[in-house]
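Here you get one chain, nothing else, as structure tokens; it is the form predicted alone.
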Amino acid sequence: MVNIEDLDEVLIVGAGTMGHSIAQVFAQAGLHVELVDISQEKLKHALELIQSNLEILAEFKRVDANQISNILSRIHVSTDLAQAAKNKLYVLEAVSEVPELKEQIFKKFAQYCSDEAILASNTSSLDIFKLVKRIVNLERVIGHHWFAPPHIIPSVEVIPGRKTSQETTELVISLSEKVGKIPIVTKKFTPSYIVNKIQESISASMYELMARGVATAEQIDLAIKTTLGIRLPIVGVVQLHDFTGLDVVQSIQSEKGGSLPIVDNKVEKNHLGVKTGRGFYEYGELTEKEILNKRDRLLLQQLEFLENLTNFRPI
């Protein structure tokens, strides 16, 4: 079984949009990284992007500028996957979202990696477990989904499959924490996982509004930035409904001719959210006034920051 203490080097396959930045994160955390792609030209470009990323992070005091050369020295680039895979206990593919390409990479993992190696995939749109079930032992396969840009976004999704071992899941959670990321762990596999599933619903609504001529792109973005963009970093999408009131949510659904059993169950128990001290979250001994005051102070800090940052103008 792989121990987190044994993990001091990793393999990343694919040096493109995601892969180069993922490699950077591991190197920043002190791990040695083999970054593999099909051409030296792609790898050279990846190193140039990593250098630029690190300089920006140093500008914001997220990285010590004096350590940039040391970080870069821990990233070794190669076009030889067979050699790079030797003795690696954690390997991650971050290649294009093409099923045949993913299968090809996992066939090479099966050929070149040890039987103990954790085989991770950065895919969010494909069922990697179904794709590779005839190629490798699924106990050591896991989804490890990073968000662009990986060197800035603090979270990663950890997605075990039905046959993924508990040891594999715990190892990837620990590894995520070791490199400074917040692991978001799903209980089971679902297409698109958590973030992209919610984001896809938002995108579908956005494109519908534009296609129907309801609003311009600029007005849609301004609407989101000045409402959800302020609230969601503070209360998320679930706790937002605790503040709305689950009885209100139930009423809205009823007016639309539908129902949400998960909400109906809460309402039956008088777990209405903030106003009753319990909804999807529990609020302990805090009064409704105290909870609302805490939220409002955080929202005002967020609003002030965003007004000073961009005043909601397009980039």
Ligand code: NAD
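Small disclaimer: the values here were computed from a predicted structure and weren't measured. The first residue of the sequence shown is number 1, and the count goes up from there.
Beyond the structure shown, there is the form predicted together with the named molecule, which is absent from this document and is the topic of what follows.
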- Wondering, does A217 line up within 4.5 Å of the named molecule in the model of the complex on heavy atoms? no
- Message: Quick check on T168: any heavy atom within 4.5 Å of the named molecule in the model of the complex?
- Response: no
- Query: Taking heavy atoms and a 4.5 Å cut-off, does A148 contact the named molecule in the model of the complex?
  - Reply: yes
- Message: Within 4.5 Å, heavy atoms only: does E97 come near the named molecule in the model of the complex?
- Response: yes
- Query: Which one of I105, V141, A84, I71 is close to the named molecule in the model of the complex, taking close to mean a heavy atom within 4.5 Å?
  - Reply: I105
- Note on the structure: Contact with the named molecule in the model of the complex, heavy atom within 4.5 Å, among I252, I262, I38, I56 goes to I38
- Task: Tell me the stretch among 238-246, 203-211, 177-185, 118-126 that has any heavy atom within 4.5 angstroms of the named molecule in the model of the complex.
- Result: 118-126
- Of the residues spanning 6-24, the ones with some heavy atom within 4.5 Å of the named molecule in the model of the complex are V13, G14, A15, G16, T17, M18, G19
